[in-house]
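Single chain ahead, written as structure tokens, the form predicted on its own.
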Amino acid sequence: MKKIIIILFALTLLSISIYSQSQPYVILISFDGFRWDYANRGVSPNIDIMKKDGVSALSLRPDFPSKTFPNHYAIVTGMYPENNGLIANSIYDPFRNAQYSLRDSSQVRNGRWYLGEAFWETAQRNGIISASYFWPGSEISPKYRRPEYYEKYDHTRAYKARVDGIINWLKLPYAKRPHFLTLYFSATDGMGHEFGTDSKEVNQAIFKEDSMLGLLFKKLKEINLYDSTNVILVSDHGMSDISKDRTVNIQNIIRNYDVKYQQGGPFMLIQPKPNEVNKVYQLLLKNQNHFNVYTKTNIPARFHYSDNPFIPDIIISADLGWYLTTDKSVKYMAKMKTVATHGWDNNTLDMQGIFFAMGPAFKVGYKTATINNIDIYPLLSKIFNISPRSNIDGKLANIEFILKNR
């Protein structure tokens, strides 16, 4: 009997090893704030390799609002922000008087805000081990919603250490090795905000992030996984310059009404008293200049930004380059060092990000037009040959043509 148990245990380990070896490898990388045209500046030779040996899209269309957390989570859930729960980088829940902010780690790790199923959850339900070296949503509780391996976000973590972390996970024994991994860098976003889109600092950030891509390629070759690994490089949004001369103080227009302001800058959310919503809306509409104002009931369908109880009744989207303020934020802006930002209409060119993909699953030297970020989740499901969630917004038909034999 003991011999039979030993034999069965050995066969189980063998089957796990064989299954693990047969699974594809995918590394999903984000360069935060990497605008669609940054890859054309001649300072990203490793992205050029991906263009030559894989798929390059004209751009990656973010969702509205073109902000960091909503779009990173849209990429891994295949759901618009109104459906994935992260409608902005900060969210107010009026029913519980609770506040979500990307700067509040306790709320960032609170799973109640995250309505979508991230791909690492889908993968692990299908026996595919996942790992995340930073990604919005990867730290949440409960535990079963996190990747098997993950790192708590540390903005100061050395970039080389992040690449080394990915490689160390890939060097684990087959039965413990992750096959879906995420990796995140933020240099282009930080330098864009601080110095502007055409600055030498942004070019240096492009080169820095690209060099990490090159380091990853080098280390994948050293562990003999370069040819068998699919690398997908994306960004969450683009970036555009702003000016203190291009501002609209919304509070000046509706000063006589008691409203709650949320967000600000490229877009603003406003909640008047229930019986004053139409009055506030009509007043804003009458004074509409350098912005567009909508209600949850008339916002164009292309925004996909109405079907969520935490979205206030009035949404304002500034013209590209214009900045929406209140009395409080006017004082803040006078001291503000930010010279570029994001969050405008996701269809504007400056808000577009990047999509490059290379590896055994993808066509070689293939160029395509703009790709929607919500279509990446069903693409990942196809690569791993597993069923995606049925309630996603993304469509495989929109993106599967970039795969080999399609």
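The structure displayed is predicted, hence computed values, not measured ones. Each residue number is its position in the shown sequence, starting from 1.
Just so you know, the form predicted in complex with a small molecule exists too; it's not on screen, but the next bit is about it.
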Inset, instruction - Report the residue, out of 153, 207, 257, 322, that has at least one non-hydrogen atom within 4.5 angstroms of the small molecule in the model of the complex. - result: 153
Legend entry - Sole residue of 89, 287, 271, 199 within 4.5 Å of the small molecule in the model of the complex, by heavy atom: 89
Legend entry - Stretch from 163-171, 181-189, 275-283, 119-127 whose residues place a heavy atom within 4.5 Å of the small molecule in the model of the complex: 181-189
Legend entry - Heavy atom of residue 291 within 4.5 Å of the small molecule in the model of the complex: no
Inset, instruction - Classify residue 143 as contacting or not contacting the small molecule in the model of the complex by the rule of any non-hydrogen atom within 4.5 angstroms, answering yes or no. - result: no
Legend entry - 4.5 Å heavy atom contact, residue 375 and the small molecule in the model of the complex: no
Inset, instruction - Considering only heavy atoms, tell me if residue 102 and the small molecule come within 4.5 Å of each other in the model of the complex. - result: yes
